[in-house]
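As a starting point, one isolated chain is supplied in structure tokens, in the form predicted alone.
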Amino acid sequence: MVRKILLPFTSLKLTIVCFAFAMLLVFFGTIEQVHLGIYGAQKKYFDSFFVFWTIPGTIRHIPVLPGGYLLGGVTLLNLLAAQAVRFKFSWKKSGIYFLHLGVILLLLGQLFTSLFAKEAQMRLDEGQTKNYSESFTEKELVLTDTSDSKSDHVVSIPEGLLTSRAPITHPSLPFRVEVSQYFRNSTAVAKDQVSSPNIPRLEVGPMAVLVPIALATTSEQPNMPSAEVKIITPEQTQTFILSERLRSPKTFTVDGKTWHIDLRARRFYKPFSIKLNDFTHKIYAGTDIPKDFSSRVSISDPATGEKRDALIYMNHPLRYEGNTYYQLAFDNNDTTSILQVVRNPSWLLPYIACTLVGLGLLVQFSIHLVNFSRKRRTA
């Protein structure tokens, strides 16, 4: 019974079709990076079950390609089904077993990376200490109760709830939050530069407004959201214009408690802190071409009592507590270092998978070579 169910998935034709679609997915996903950026293209083509195309002039979306999840799942099923139905152990095929096991781990590694890996950045000025990194793409609306002198109580609202514009309530909030307008990316312009009265805007002063712009396509120029947020209680409604571009957190009072409200990149807090002691940027003599840039940092972990220095430079990341810190960029006349922070629980799987694939090819080639040599000697 199980064999009958699995048999249609063992077809070699299905394998070839999957490889063909994978090539198309990589090709179009690479081209689309120009318009969507790396993260946008990755989400649309590889972190999805289907790739949708919008019919011009309409809001209808139709699937035109299988996405990475569906394609990877079918390829994995095809490989496992073929092994389950046709598996007959033979030393002559031992290399193929290693090879297939490597491919299975490679597919699983890509799936786990897509589901569990987190990429963020840590922007540090010289002498500054931080215990958090910030997302490249995700934003959050943060409400902080600062009335306790010993600790702050923070409520984070993810960007998905802001775009839905539905009323937001939380047991920790003695008020309701409503987002009247939300621009995922915005810029500030003079009022008289807005080309049409139909363009939505948020006033931030007597002469300036915030207007929506196209989504960013590179991590170097991330989206700068803006929003009109209302804090509603039975007694009053307070309205705030917030923007990550203007870095303008606001303060208000409800029931005698002081609250801060801010729109910012989503933060990932760590149980340890990193301080930037010094940033070095060297260039080739007589040019502006970077030769080397590095960050000397200090790690302080209260949980373990560990305190040590480390040097981060190109191709020499810092690994600590499951996080990897890469030297990404710099700013502010070489006084600010920007580190890319990657947390990927399955980062070892691709290395193991590639080792198994290489080992499988080597074993299988060696077996055929030995057999070929024996036949020549006996011929």
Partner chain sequence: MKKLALLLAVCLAGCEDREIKTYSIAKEMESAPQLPAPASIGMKPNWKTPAGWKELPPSGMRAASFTVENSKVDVSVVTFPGTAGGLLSNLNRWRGQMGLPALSAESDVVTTSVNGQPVQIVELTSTTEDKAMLGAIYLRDDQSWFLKLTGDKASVAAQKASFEALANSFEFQSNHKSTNDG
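Numbering follows the first chain given and starts at 1. Keep in mind that this is a model prediction, so the values were computed, not measured. Here, rigid core means the biggest group of C-alpha atoms that superpose within 1.5 Å across both forms.
Only in words, not in the display: the form predicted together with its partner chain, which the text now covers.
Visitor: Would you confirm whether the three residues His35, Glu119 and Ala303 all fall within 4.5 Å of its partner chain in the predicted bound form, going by non-hydrogen atoms?
Guide: No: none of His35, Glu119 and Ala303 comes within 4.5 Å of its partner chain in the predicted bound form.
Visitor: Please pick out the stretch from 168-176, 229-237, 81-89, 304-312 that is in contact with its partner chain in the predicted bound form, where contact means heavy atoms within 4.5 Å.
Guide: Careful reading of the contacts points to 168-176.
Visitor: Heavy atom within 4.5 Å of its partner chain in the predicted bound form: which of Leu76, Leu101, Ile299, Ala216 fits that? Just give me the one.
Guide: Only one listed residue qualifies here, and that residue is Leu76.
Visitor: Check each of Leu111, Val254, Ile261, Val211 and return the one that places a heavy atom within 4.5 angstroms of its partner chain in the predicted bound form.
Guide: Here the answer is residue option Leu111.
Visitor: Do Thr58 and its partner chain come within 4.5 Å of each other in the predicted bound form, heavy atoms counted?
Guide: No - in the predicted bound form, heavy atoms of Thr58 and its partner chain never come within 4.5 Å of each other.
Visitor: Report yes if any heavy atom of Met224 sits within 4.5 Å of a heavy atom of its partner chain in the predicted bound form; otherwise report no.
Guide: Yes, Met224 lies within 4.5 Å of its partner chain in the predicted bound form.
Visitor: At 4.5 Å between heavy atoms, is His153 in contact with its partner chain in the predicted bound form?
Guide: His153: yes, in contact with its partner chain in the predicted bound form.
Visitor: How about Ala329 - does it come within 4.5 Å of its partner chain in the predicted bound form, if we only consider non-hydrogen atoms?
Guide: Yes, Ala329 lies within 4.5 Å of its partner chain in the predicted bound form.
Visitor: Do you see a C-alpha shift of 2 Å or more at Ile104 between this form and the one not shown, with the core held fixed?
Guide: Superposed on the core, Ile104 moves its C-alpha 2 Å or more between this form and the one not shown.
Visitor: Take the rigid core as the frame of reference and indicate whether the C-alpha of Gln33 shifts by 2 Å or more between this form and the one not shown.
Guide: Yes, Gln33 moves 2 Å or more.
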